[in-house]
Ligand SMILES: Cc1cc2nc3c(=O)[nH]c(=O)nc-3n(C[C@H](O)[C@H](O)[C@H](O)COP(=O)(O)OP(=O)(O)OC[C@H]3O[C@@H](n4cnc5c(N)ncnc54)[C@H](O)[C@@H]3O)c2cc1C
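Presented below, as structure tokens, is a lone chain in the form predicted on its own.
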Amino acid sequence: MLIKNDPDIINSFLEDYSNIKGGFCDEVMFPETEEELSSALVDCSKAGIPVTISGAGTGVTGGRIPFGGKVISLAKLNRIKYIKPLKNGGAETLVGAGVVLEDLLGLAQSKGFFYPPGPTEKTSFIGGNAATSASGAGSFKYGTIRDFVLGLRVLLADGEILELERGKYIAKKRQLKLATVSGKTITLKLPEYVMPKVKNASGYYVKDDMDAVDLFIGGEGTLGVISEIKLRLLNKPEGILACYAFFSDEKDAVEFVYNAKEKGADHLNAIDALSLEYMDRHALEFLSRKHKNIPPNAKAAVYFEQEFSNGTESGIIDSWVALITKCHSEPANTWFAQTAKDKEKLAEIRHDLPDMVNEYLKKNNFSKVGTDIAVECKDLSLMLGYYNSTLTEANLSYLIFGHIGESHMHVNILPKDEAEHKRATEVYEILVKKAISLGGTPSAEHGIGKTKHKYLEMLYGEEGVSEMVRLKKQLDPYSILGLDNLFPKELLI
């Protein structure tokens, strides 16, 4: 196993998109096999050495940044072992945790398959996606990575291996019994809290009669280390239509989304969105620094995609144009893309926005102040209005974008100095409290990491977090895995 303690290499593992400062560790280990990974975990567990599992560094909540101990990078566990067609359509694939998302997407596409739930950041690792229950634009129609995981191999802190397949280990109410590959039996008492009824990546996924696979998806490396993931793939659609619709009023954009989710009306029944993404006027102004062709009077934009088969695209476009017109946007201010090249140009605009925000924050040396809040569909307009009024009253620069189809928006606050950064964190808490009061979640796709402990407690209360701590200790009795992820390490003492 490759082990590095060179300061330059270590430093490259002390950052991610959260821009958290002050991380440190003794060394970085690069296991090339599951056996090496198991051996490293055994050694660290026996010595009581904290272990931080590192993915590609694309996270935004500081999950991979160590504060002591050792880092285990999963970059060498990067084999796509197979893509196997299934009789009923689609395929399954078995991948190492260090497989890069864009590599899987490319290979799957070359074989005629489609993996919808991948996040915007295509350089992320599949293992990191699973560990944070990540998702992307396609989750509107198809769900998150959780909906595509068929099985996991998980290494526990003591080196024991769990081989989990959907349907193999099912809880009885909140009692879950597991068996390791070596035959060791583990009986878990699962927390009793109730998760919000929205897209959610806040804390451990638990519910009555759940599948054991789901416990480790979104565990953020605190319960075990995911080494392999078996995923379901879909048949690749013949084509995907992409479009930006620009609106002169935010209310029209929201009305457009509500109509699209209801498939418009009877005469618009060709509408079946794959994704529905939103950008407010501040986001469009921010983007226009690089993309000069954005309509100057636009106050909001909705980016959407829809699959089509040959011969159906004309009717689909007509339905969308009718809905766009109904919601007071002009087709002349609408960008459609049907070819792969044109679609790539539109996708680039959407992908540029979070990158530009991260560059801004890094340049100004601020940690990220960006929400990951989701609320119920019925509360979308209310929450958008609350974002705007609260941030305007606080006199803070901000922009809003994200997965409006799931009422899951990212508010990115852009402080210009330390005083504004302090005020931004105070406003963030106000926004989270409002969302939770509406039955929403503080994190819908990025996890809690090291930056959102207090919001997890706001969601589930002290007892809910204590239940998570007790669950972690059942699987990691020496408390070495992912310290400070999800909840403060002090709670493990």
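Only a predicted model underlies this, so the values are computations on that prediction, with no experimental measurement involved. Throughout, we count residues from 1 along the sequence that is shown.
Only in words, not in the display: the form predicted in complex with the named molecule, which the text now covers.
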Answer option from 326, 345, 184, 351, heavy atom within 4.5 Å of the named molecule in the predicted complex: 351
Of 370, 191, 136, 405, the one that lies within 4.5 Å of the named molecule in the predicted complex (heavy atoms): 136
One stretch from 166 to 174, 117 to 125, 417 to 425, 102 to 110 that, in the predicted complex, holds residues within 4.5 Å of the named molecule by heavy atom: 117 to 125
In the predicted complex, residue 280 touching the named molecule (heavy atom, 4.5 Å): no
Non-hydrogen atom contact residue 31 with the named molecule in the predicted complex at 4.5 angstroms: no
is_contact(residue 253, the named molecule) in the predicted complex, heavy atom dist at most 4.5 Å: no
Contact of residue 63 with the named molecule in the predicted complex (heavy atom, 4.5 Å): yes
Non-hydrogen atom within 4.5 angstroms of the named molecule in the predicted complex for each of 93, 151 and 235: no
In the predicted complex, residues of 479 to 493 near the named molecule [heavy atom within 4.5 Å]: 485
